[in-house]
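Next up: the same protein chain in two forms, each one alone, written as structure tokens (structure 1, then structure 2).
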Structure 1
């Protein structure tokens, strides 16, 4: 997806929130924002929103000297999600369709997105998770189930800290020996890194790699050779979140299934759904050799 003019106010909001996370001194906020105005001024609208986010957050880290302004918030949401985890395992085990319940919870976890929801709180997350079983979904859980059953190597692209605990719930319903879980290579926004995957126990379940990049999405040219090799060899790629959708949805030939909440009007319009919809969407028409749509 290219960047739209409507994305620009969101960039400024994200920048101001990140500046406030990185530097508690109000006097520094105006100076930092003026520096960031020049970054936005020179943006290329033909690029994806996450590529612009990369530039903004690199500049913030450069100006403040803070390599991870969101580290405290990421830790908080990891802990919140881990506190919910035991009860959610019980919910999955008691459900009529554990796979469907785990898919819904994994998508619900995509609400922990500070790029889209700046005011997200622990209580809000709890409420969203409680409502997950009732939310409308566009896309087919059964086709996702079939795609997973048919696939050998599965690459699961994570998104945010805290959210990856809900990904863990889904991974526990999958053939773990076939799964590689990928996180960001360096901190950006509240996106999950290897340290977050270790903190929530994912590294004990499956092979976890980082993608070598600080884009809040997946730009293959910016990723490590190891990640690109895993991506190329994957029979199925499960991509979480809007950043991965914005950067990978135009890729031809890759067997991608996106799982996300449509939290942005532009993304919702691109998906053809209402704001807040739970989405299962293939990145291309077919993810199997047969001529059946995903």
Structure 2
């Protein structure tokens, strides 16, 4: 998905919130904003929004000298989600359709997103879970189920810290031996890295790799050869969150299913759904050609 002019105000809102969280010095905030004004002015709108996210967060890390300004907040979200984990496992096991419940919770977990929701707090997470059971979904859970059943290698692209506990709930409903879970290669915003996958127990459950990149999404050219190889060989790619959707939705032929909440009006418009909708969206041709039911 290309960058829209509407993304410009949002870049500056995100950057300001991010730098304020990373550094208490107002002079640093002004310096970042002025530098970004040049960066955004010179950007190519055919690029996807997460590519600007990469630049913004590189600048923040450069200015603050902190390679991971969101370390604390990521730890917090992982802990909050882990505290909820036992009750969520019970809820899944007690439900009529554990797969559907797990899918809904995995999508609900996508609410833990500092890029889209500035007011996101740990306590808000519990409220979000209550939404999970009844929120309308655009896309078919059964088609996702069939696509998973039919696929050999499944690559699951994670999104944010905290959220990956919800991904773990879904992965526990899948044939684990066929799953590879991928995280970002380096810290960017509150996106999950290998440290987060370890912290929430994902590394004990499935094969976890990092993608070698610090884009808050998946730009293959920016990813490691190992990741690109896994991506190319995957029979099914489950891609979580807006950043992965924005960067991969234009890719013809990849067997991708996107799971996300449409948290911004531009992404919602691109998906053809209302803001806040839970989305299961199959990537174009390849899945349809191969399975004809997703």
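For clarity, a rigid core is taken as the largest C-alpha set superposing within 1.5 Å between two forms. Numbering follows the first chain given and starts at 1. All figures in this text were calculated on a predicted structure; none of them were measured in a lab.
The first of the two standalone chains is derived from the form predicted on its own. Taking the core as reference, the C-alpha deviation of residue 26 between structures 1 and 2 is 3.1 Å.
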